[in-house]
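Only one chain comes next, encoded as structure tokens, the form predicted alone.
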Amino acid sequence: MEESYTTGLPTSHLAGSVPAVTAGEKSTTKQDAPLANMQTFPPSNAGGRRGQVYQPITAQTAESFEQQPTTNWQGVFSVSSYSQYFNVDTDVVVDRMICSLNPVRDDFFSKIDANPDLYGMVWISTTLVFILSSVGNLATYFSVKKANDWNFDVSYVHSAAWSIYGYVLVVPMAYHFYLQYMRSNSNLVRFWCLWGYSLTIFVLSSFLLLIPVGVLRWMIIITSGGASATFVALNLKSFIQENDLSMAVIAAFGLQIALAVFIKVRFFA
């Protein structure tokens, strides 16, 4: 009696009991479970879709990530973003310096297109700062009749540094942002490279300005400034290739002439 009474009661409401699984629920459970593959890590989250295999990050992949150009402001002001532009041979720098001495050539951008560098800009600018401060003082020494009346003018170093570095950095940046605003061709590194190499002729002409003849000094500096201005203007015009921006080319020519006049008045008066 007790045995038949006990088996007749429903047991689904009792604590600790587990409901039975029907055949339909078994098939549904099997379809919902993702297919696991022990040789694919991590397993796919798309319901067992095969073909999505985990690929670890290798050294080649990491290098490709590092070589991707930075487009945000953090990349613009990061030193590591410009390290590749200092990887240039001395022969290449010398060849570009010689090219900058020919004012009628307008193919400078095509020459540096494969590998624009900033090494030439930094090296030429620093050399010009040193030469202007030293040769300028030497020219003052030659113009003084008595050696006892001459003293080394340290202000020449300050004037050369802020004028040359400021010019070669700010002017290309101003043209870059202006041409971007005008929706024209613009590349900041190439502009820095162009204006940096345009100072090569001033490095050479500074030694000729030691000649203590005022008229001859003016002829030398105007000739040097005109050659440098023509070099910048022609190459900038070939790079922009737009007629409505001719005023920008004329302004670049005028800025180079103004720099030449400043060098003459400040260091070789």
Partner chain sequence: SASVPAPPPLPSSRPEIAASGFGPAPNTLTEPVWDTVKRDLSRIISNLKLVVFPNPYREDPGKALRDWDLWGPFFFIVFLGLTLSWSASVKKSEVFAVAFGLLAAGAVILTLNVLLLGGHIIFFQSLSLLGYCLFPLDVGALICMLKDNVILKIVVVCVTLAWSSWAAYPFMSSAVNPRRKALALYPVFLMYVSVGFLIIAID
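Please read all numbers here as calculations on a predicted model, not as lab measurements. Residue numbers count along the first chain shown, from 1.
Quick note: we don't show the form predicted together with the partner chain, though the next part is all about it.
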With the partner left out here, check for me: in the predicted bound form, does some heavy atom of Trp162 sit within 4.5 Å of the partner chain?
no
Considering non-hydrogen atoms and a 4.5 Å limit, does the partner chain approach Tyr119 in the predicted bound form?
yes
Though only this chain appears here, would Val88 touch the partner chain in the predicted bound form if you measure heavy atom gaps against 4.5 Å?
yes
4.5 Å heavy atom contact, Val189 to the partner chain in the predicted bound form
no
Sort through 102-110, 166-174, 179-187, 89-97 and report the only stretch with a non-hydrogen atom within 4.5 Å of the partner chain in the predicted bound form.
89-97
Taking heavy atoms and a 4.5 Å limit, what residues of 107-138 are near the partner chain in the predicted bound form?
Tyr119, Trp123, Thr126, Thr127, Phe130, Ser134
